[in-house]
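Next up is one chain by itself, shown in structure tokens, the form predicted on its own.
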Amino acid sequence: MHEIRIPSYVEMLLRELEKMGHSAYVVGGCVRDSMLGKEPTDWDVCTDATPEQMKIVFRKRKIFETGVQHGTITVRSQGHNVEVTTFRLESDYSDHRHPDQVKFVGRVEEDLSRRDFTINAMAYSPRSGLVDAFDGQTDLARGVVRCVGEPDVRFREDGLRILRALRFAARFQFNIETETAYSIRRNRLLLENISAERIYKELQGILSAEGASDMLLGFPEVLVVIFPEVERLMGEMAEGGRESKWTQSVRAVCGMPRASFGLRLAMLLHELEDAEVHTAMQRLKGDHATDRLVKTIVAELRQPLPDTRPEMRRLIGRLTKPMVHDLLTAQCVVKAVTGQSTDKVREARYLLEEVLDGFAAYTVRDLAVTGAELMGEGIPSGPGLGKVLEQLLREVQDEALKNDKDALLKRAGEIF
């Protein structure tokens, strides 16, 4: 395990708490990541000081009361915001997500006992060293995600932990401990109580991780709770009869760049009908750009690739240049995982580069004449004007007409 090196802006807060007689530790993900040799993105502090006591300790600093009712304040230190939370226990999760009651406690071990997984249930301070009451260090070394205490209890407290377990295992390429895995499957329907926004965020982490394939193939029943539409893919054999359509879709996911969640999600759903994809994305409530990318890629995968310059220009105009690149990447991956030749995709890539190297009009906005200029020539506003512009665009894309203002005005008069 690697040494835990606390940045100065965090260590200052620990010292200020300790100076006033309190115990204080960095805790959770920052300890885990440090021990794995990874740079933590956030540093969280826990302490036996209550929020009111923290306000006194940090009275000379800027404080944000971000979650005082749950024992948390955010403290500004050397340009960084650090969450500082009182040791606490939680109980009665009536919505299977948030505690109904929070009780402040005096020992860090009690606070660690409420946490989700052993690898996240460690605390450290330079003065006291590592506090590891649940053998998280061993699980880190073994590459295991294991619940703190009884898995069923942990998941019933917060159903989102089911996806968090898969995300951590996928991110670090860890295994999920046997009892924890059984409990995930038993309790998977708890995800029905979780907001789409939280599920979306966790799904991003799972699909974008190095170990995405293991989680998607190892826990398909969990994905069915999120996307009921994919269940039939698990029982349908792909062409050739060697694997299911679900397995083939997962292989397509992992053929996409990890940085593109949208493309990976499109591959996960690409065997579905368009209507099913629309329903699934509506339920997921993701951002508009990802929603459009997924729906467009899945729909366009069913269409033949353009093999002429006019067809490619029209495709660019319909989708945008970046999305055409994405579509060709998706086409290549799908053909590769299904054992088809990728020659047509390669030809389309060359055609795309050829089109992009020259001056072209992909949309009406690219024409050398505007609607206002056509109106100035006597063409009235309305549907007729739009039809003239579309006709000019088609002829320019077909290379039957130059994208030149005088030529376009003359031809517009002939069309009208």
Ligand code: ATP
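Residue numbers run from 1 along the displayed sequence. The shown structure was predicted, so the numbers you read here are calculated from the model rather than taken from an experiment.
Although it is not shown, the form predicted together with adenosine-5'-triphosphate (ATP) is what the next lines describe.
Residue in contact with adenosine-5'-triphosphate (ATP) in the model of the complex (any heavy atom within 4.5 Å), chosen from 270, 264, 313, 161: 161. Note on contacts: among 87, 168, 246, 155, the single residue with a heavy atom within 4.5 Å of adenosine-5'-triphosphate (ATP) in the model of the complex is 168. The candidate stretches are 219-227, 116-124, 255-263, 288-296, and the one lying within 4.5 Å of adenosine-5'-triphosphate (ATP) in the model of the complex by heavy atoms is 116-124. Using a 4.5 Å heavy atom cutoff, 29, 33 and 41 all lie near adenosine-5'-triphosphate (ATP) in the model of the complex.
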